[in-house]
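Quick setup: the structure tokens below cover two forms of a single protein chain, split into structure 1 and structure 2.
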Structure 1
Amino acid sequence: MNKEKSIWIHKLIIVALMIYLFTPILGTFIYSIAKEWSYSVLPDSYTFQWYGELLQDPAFYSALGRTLFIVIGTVTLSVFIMVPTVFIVVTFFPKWERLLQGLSLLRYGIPPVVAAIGLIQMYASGIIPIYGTFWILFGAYFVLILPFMYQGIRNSIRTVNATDLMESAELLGASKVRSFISIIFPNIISGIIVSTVLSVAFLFGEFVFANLLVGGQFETIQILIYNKLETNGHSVSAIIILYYFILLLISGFIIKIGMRSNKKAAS
């Protein structure tokens, strides 16, 4: 009886929470399909014109292309560097794990707006003057996703018991490099996919570094949204909705993979 009664309260709370969370995105969606909208609560008429214009706008595609280029480039670089690094540290230098953990924590403790200060100073001039070019984003983003990549890779290496696997492979005569490539890597790949997808979703939304380190010349999706804020609200809404739709697909993908690897770990 008591439980029956109280579940209603919880349902009410959750419904309120969902309304709260969905309202801004719903409002943005209505705005993106509104034709004319002035002095009334709901638009006078609806249209998909803004989406149509957006999908024919070369600036949108170049921004998407730039974003994909930087994001996929950084994540690929990170996989190539982080997988061997974390593996070597976990297997051969376990004492250094604290160092990797410390670096991840440090990255969490430093907001990007602060990290940008030193990056500008280091790369404005000197031997590698990459401030103001997109090259600086590869390094800056590498550090941004370091905690996700480290956690994900370390967990998958632990789950498959990489140290034992390596020992067996070596006993059977495989070299270290060979056993890593043909035994360890295939076993941890699904765990790594989750962290890479997470990193892609995260970097897609990155604005601070793109704005402070590169500026307006290199228009990523986020910079495009910002630059368009003052010109056409409907068009911006359409970009935002498309953008979150992509993000939703990515999240769905992560969860699917996550569930599969959970089941794997349990069995």
Structure 2
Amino acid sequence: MNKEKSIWIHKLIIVALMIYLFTPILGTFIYSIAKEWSYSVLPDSYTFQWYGELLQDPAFYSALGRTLFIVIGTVTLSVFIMVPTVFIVVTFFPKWERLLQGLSLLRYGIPPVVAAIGLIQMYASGIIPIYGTFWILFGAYFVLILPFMYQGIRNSIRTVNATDLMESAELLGASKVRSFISIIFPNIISGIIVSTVLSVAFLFGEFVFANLLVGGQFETIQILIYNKLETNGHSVSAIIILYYFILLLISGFIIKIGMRSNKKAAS
């Protein structure tokens, strides 16, 4: 197979993949602007009525604000805890790395419904009665994104060979803290960005824990979508399209911050 033919095959695979990924989004968007859609492949008429009603609904803004608060708060907390923890374990205590890896992957072995019921029994009463409040979501979501945070940060630390960099910095007189802040962190920022984007995207779509642990007491965007499913499918499609748009903006913002940090580190 010559090189030109190989390139065309790769392009066809990419195009097929893009069509596969974007077809559901396109179908959702068409349904969100459909006024009447009964007997044909495409709608009989179009309208932006559902977007107008949604953007005038205070419940939508409240649910979106709560979702952003929980998602951004959890991911920020996870970055502050996991970055130094993974760095210390990988660099200074490599024997504990398997234990940390096992703990981060433990959530895959427990079905979400089972984990949620366990959390309800533990936190419904007792010393920390946080069932039904947003505080319990912080803890649950922190565990859910552990694999993304751990794997991305660990791979970045191993890629830059943090152990050798730390030894070199200390030979030149820098302390461990200064070496981490000035040398290691700027070089692993791309891995942290990837983990952050994956975590934000995952938490934006999480429904089981939000519904079982807080439900209508702290209505997030996922619970709002669930409640509207029985009343208006067009409105739900409009919420999903806006949700994709907001997620795209957040991801672009995070990636832009990461690119600026990489340029500063390179200079």
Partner chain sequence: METFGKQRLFLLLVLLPFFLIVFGFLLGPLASMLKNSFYADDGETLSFIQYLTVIKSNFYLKSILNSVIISLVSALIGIIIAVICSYSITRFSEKVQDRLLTVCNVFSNFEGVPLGFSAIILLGNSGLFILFFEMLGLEAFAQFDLYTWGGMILVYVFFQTPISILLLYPTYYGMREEWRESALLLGASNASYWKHIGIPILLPSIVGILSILFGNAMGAYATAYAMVGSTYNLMSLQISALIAGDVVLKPELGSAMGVYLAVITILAMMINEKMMRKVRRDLE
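Counting starts at 1 and follows the sequence of structure 1. Rigid core here is just the name for the largest C-alpha set that superposes within 1.5 Å across the two forms. Not measured: the values here are computed from a predicted model.
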**OP:** With both forms of the chain shown on their own, indicate which is the form predicted on its own.
**Re:** 2
Original post:
In whole degrees, what is the angle of rotation of the smaller rigid part relative to the larger one between structures 1 and 2?
Top reply: 18
Original post:
Cα shift of residue 22 between structures 1 and 2 after core superposition, in Å?
Top reply: 5.9
Subject >> Following rigid core superposition, Cα shift of residue 245 between structures 1 and 2 in Å >> reply: 4.0
